[in-house]
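In the structure tokens that follow, the same protein chain appears in two forms, which are kept apart as structure 1 and structure 2.
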Structure 1
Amino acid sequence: MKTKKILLNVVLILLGLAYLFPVYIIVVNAFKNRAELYENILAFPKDASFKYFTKAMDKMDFSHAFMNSMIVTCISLVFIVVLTSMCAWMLARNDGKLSKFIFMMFVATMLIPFQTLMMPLLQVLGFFRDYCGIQLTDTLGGLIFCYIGFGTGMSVFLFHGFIKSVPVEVEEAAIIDGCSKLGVFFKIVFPMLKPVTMTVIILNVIWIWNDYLLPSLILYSKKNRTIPLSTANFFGQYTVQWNLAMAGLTLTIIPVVIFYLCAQKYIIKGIAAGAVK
């Protein structure tokens, strides 16, 4: 039994190292010049320098791209958390066939690959622009609108499962005391959803912050580029500045890694609770 446990730990360590190996490649090569990088991508840098990070920030227009990513991520998160938690609460507290059907529709959206929706999405956004006068392409507002829609299915699913474990008697007592429906949700229910709320935030932050495909479809102008889009500056038609690209990618992942480390204690508890039906 002890030998089996040791072997299991060894396998887990090897899998962990294999998972972290690409991160090692990115970080190590961010401190090298191009000649040293091509010589041996696995070796530590002979003369580590932060100048490549400075060059990468200038080429990416990092401060502007960082602000765009922050605006898109934060506003999208606020709407996703508030709207999906309220929706999940109403669906969980109404056991009718219509509520179950709507919930299953939300779950079904999680199974649809985004690649199948790209062309219809652009057509819908073009319709809003041409016939309704609402510019959703090449705007941060349009990107936020899309993220709110695509983030709804998973978030409703997680909130719905967690709310099922919240005692209805607590809400009934608040209503008897004269609390309104909104008051019950925001004063009683929502504070009890903290673990799953943190899980929803973490998962959506990782997705929105690192997403390249959706912004590349919607955003055209340089002023609206998010951080993932700005890293494309290092990949030209004929040449690739790999050392600057590695430095830029390192700068890209640092904020979300810091956020994840600060909030990781909630994610396992929230996912486990959100999966309860």
Structure 2
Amino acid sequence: MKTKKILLNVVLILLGLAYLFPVYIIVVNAFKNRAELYENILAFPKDASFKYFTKAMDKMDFSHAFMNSMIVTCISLVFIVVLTSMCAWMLARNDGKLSKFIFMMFVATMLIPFQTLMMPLLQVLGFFRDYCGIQLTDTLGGLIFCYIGFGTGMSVFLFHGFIKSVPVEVEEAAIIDGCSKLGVFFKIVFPMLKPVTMTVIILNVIWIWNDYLLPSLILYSKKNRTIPLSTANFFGQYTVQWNLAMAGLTLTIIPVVIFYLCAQKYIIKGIAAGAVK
């Protein structure tokens, strides 16, 4: 009985490793030279050489793209979390017709695929550039602005659902004590929203960090490239040099894996909570 159990555990671990086999292939081939790669793609590299990594890092302008991705993701998140939680709180606490309408509008538009909005969105951004002098195209600020808009529906929805379950009495007491609405929100309500805030952060990070289509339409200059953009560009140029391409892919996966291992508990909880709502 006991050996059977151990065997089952071993089999399951092997299953898990087999599932991640593609990652193994990418990583080992990032160390090989061209001849070695074609000799046997499954084999372990003979001598670990990091030269393809440094080359890929250089060609992809990786550190720059990484910084851009970080800036876009972090700033978008700060805005999304603060603005949508404020909005959701007001909508939940003032249950009038206007609030209901705004909330329904957020929820209903969550079904719209990005492809339906992409072309007219570019026209709108172009209008701002040509007639108002506001550069929303080809700037990281413009991309962030778009993410706030696209992140609104889901985030307001999640905050709204959570706030409904928070008792209103504490807030009322604070208002009687002379606290302003802003004070009530940031001192009392916002700290209580921590669990749902984590969910909102996780879901938005995964989406924004990996998003390709929106930045590919908005950003054109090289200096503004985010990681997905620089990966796509790099792949377009180096499809023949697979070892270099593999090194590039390994680089892009590293930050994701680190993030996952550090925040695993929150990520899995966030995904589960976000989906069930």
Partner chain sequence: MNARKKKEAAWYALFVLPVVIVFTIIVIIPFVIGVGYSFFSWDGLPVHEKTFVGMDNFVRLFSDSRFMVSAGHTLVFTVIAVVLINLLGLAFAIIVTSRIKVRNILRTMLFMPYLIGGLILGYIWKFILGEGLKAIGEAMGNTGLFFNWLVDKKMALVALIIVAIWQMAGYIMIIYITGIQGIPDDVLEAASIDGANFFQQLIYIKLPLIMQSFTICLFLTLSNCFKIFDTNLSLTGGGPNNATEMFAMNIYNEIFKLNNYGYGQAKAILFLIVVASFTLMQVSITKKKEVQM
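As the structure is a computational prediction, the values presented were derived from the model and not from experiment. Structure 1 provides the reference sequence; residues are numbered from 1 along it. Rigid core here is just the name for the largest C-alpha set that superposes within 1.5 Å across the two forms.
*Asks:* Is structure 1 or structure 2 the form predicted in complex with its partner chain?
*Replies:* Answer to the question: structure 2 is the form predicted in complex with its partner chain, whereas structure 1 comes from elsewhere.
*Asks:* Taking the rigid core as the reference frame, is the Cα of T226 displaced by 2 Å or more between structures 1 and 2?
*Replies:* No, shifts by less than 2 Å.
*Asks:* Kindly check if the Cα atom of I26 is displaced 2 angstroms or more between structures 1 and 2 relative to the superposed rigid core.
*Replies:* Yes, its C-alpha moves 2 Å or more.
*Asks:* Rigid core aligned, does the Cα position of F62 differ by 2 Å or more between structures 1 and 2?
*Replies:* Where the cores coincide, F62 shows only a C-alpha shift between structures 1 and 2 that is less than 2 Å.
*Asks:* Once both forms are fitted on the core, what is the Cα shift for I254 between structures 1 and 2 in Å?
*Replies:* After core superposition, the C-alpha of I254 moves 3.3 Å between structures 1 and 2.
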